[in-house]
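Take a look at this single chain, the form predicted alone, given in structure tokens.
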């Protein structure tokens, strides 16, 4: 049995923010969400989040996350009113884990890059060796300021020495303490009351608990970047660079073409199929899925949207929408608010669709706005067509039947239904329903006054 405790009580002063550090975003998730995501592969039976600074924000954010994602087990929130060190944080677990007879994995809420396989390896070593404690270490290129870990040839811990206490020889050791621990809870619970604040910071350190336990094994992480902590905005940006490199390298190995990876960003929650091409300056976010043969970009943003096969989207924004096979979007189009297109549609330049459904082979080629509209198949929306869906109080629907056409600069004032095989004359403002199979003209008669001009004094 494994329980997970996430240390998430600190403010993160160096972030220069009123927001708790663990709620700052890294790609598509907050820092603490990354930790929760990364531990799911080890199937913990309990997950305890230790909260302190503005704890209501952390608990609300994670409670809402659980409501959206049924895969996450129930979280338990443990208050640490005063932040008196890592050891003090873990001490708060004592009443919560009474009677628990398993292992406790202790993670920091600001170390989001740990791979799930690293945690699984650490837990496996811990259990196979029947350790009282197992700690994660890393070979850091520049270990300055970090505690050094010393162990024997069997990776049995000998001591942890803080950087300021290291001799010149000890400082040559680049193996650092990553701050990730696995404990046999029964053993840890016995030593937690022994922790003292006899140190420069006058805090309770969880590393002191390790000194009371035996045996303790050190597990080295393969990639030191996994244990990079985030204390300020620069480190947050550095972590994002690491994360993006991982994600993009993985997709390229799976058959996705990234024309200029350095200018592209892809959230971890995005799904891509082989033979997708992502052009420069394109950003894929949220729960987005793009099917094989589609080309996205250059200069596009796709967020929480489903893109079918053989779709092209360039210089456009698509959010919370679905685009069916063979549709072309852009340049400079905006699809939002649960818009859905049929197959082989054309959404052209400077077109905005909001909460709109288009049938197969329907074209909205340029300079149009369709809001709260349902259009059938083979509809042609002329340049400058607008569905006037808002009366100042409520939004109203527009329905356009199959094979109907709107002339340039048409306005359809909702609520309104246009039948099938209808032709709307250019410049018309339609305010009443239109039956099937007809031509409708709704514009003022042109008047010409020969010889009419303004007089020099402004008269007529």
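Here, rigid core means the biggest group of C-alpha atoms that superpose within 1.5 Å across both forms. On a predicted model such as this, the values are computed, not experimentally measured, just so you know. Numbering follows the first chain given and starts at 1.
Keep in mind that the form predicted together with a small molecule is not shown, yet the notes after this line are about it.
With the partner removed from view, the residue among 121, 304, 312, 207 that has a non-hydrogen atom within 4.5 Å of the small molecule in the model of the complex turns out to be 207. Only one of 362, 316, 108, 321 comes within 4.5 Å of the small molecule in the model of the complex through a heavy atom, and that residue is 108. Among heavy atoms of residue 25, none comes within 4.5 Å of the small molecule in the model of the complex. At the 4.5 Å threshold, heavy atoms of residue 85 reach the small molecule in the model of the complex. Residue contact with the small molecule in the model of the complex: residue 146 places a heavy atom within 4.5 Å of it. Of the heavy atoms in residue 14, some are within 4.5 Å of the small molecule in the model of the complex. Although the small molecule is omitted here, in the model of the complex none of 338, 397 and 420 has a heavy atom within 4.5 Å of it. Only one segment in the set 366-374, 341-349, 244-252, 146-154 has residues whose heavy atoms sit within 4.5 Å of the small molecule in the model of the complex; it is 146-154. Here residue 89 does not count as shifted, since its C-alpha moves by less than 2 Å between the shown form and the other one after the core is aligned. Residue 253 is not among the residues whose C-alpha shifts by 2 Å or more between the shown form and the other one once the rigid core is aligned; its shift stays under 2 Å. After superposition on the rigid core, displacement of the C-alpha of residue 160 between the shown form and the other one amounts to 2 Å or more.
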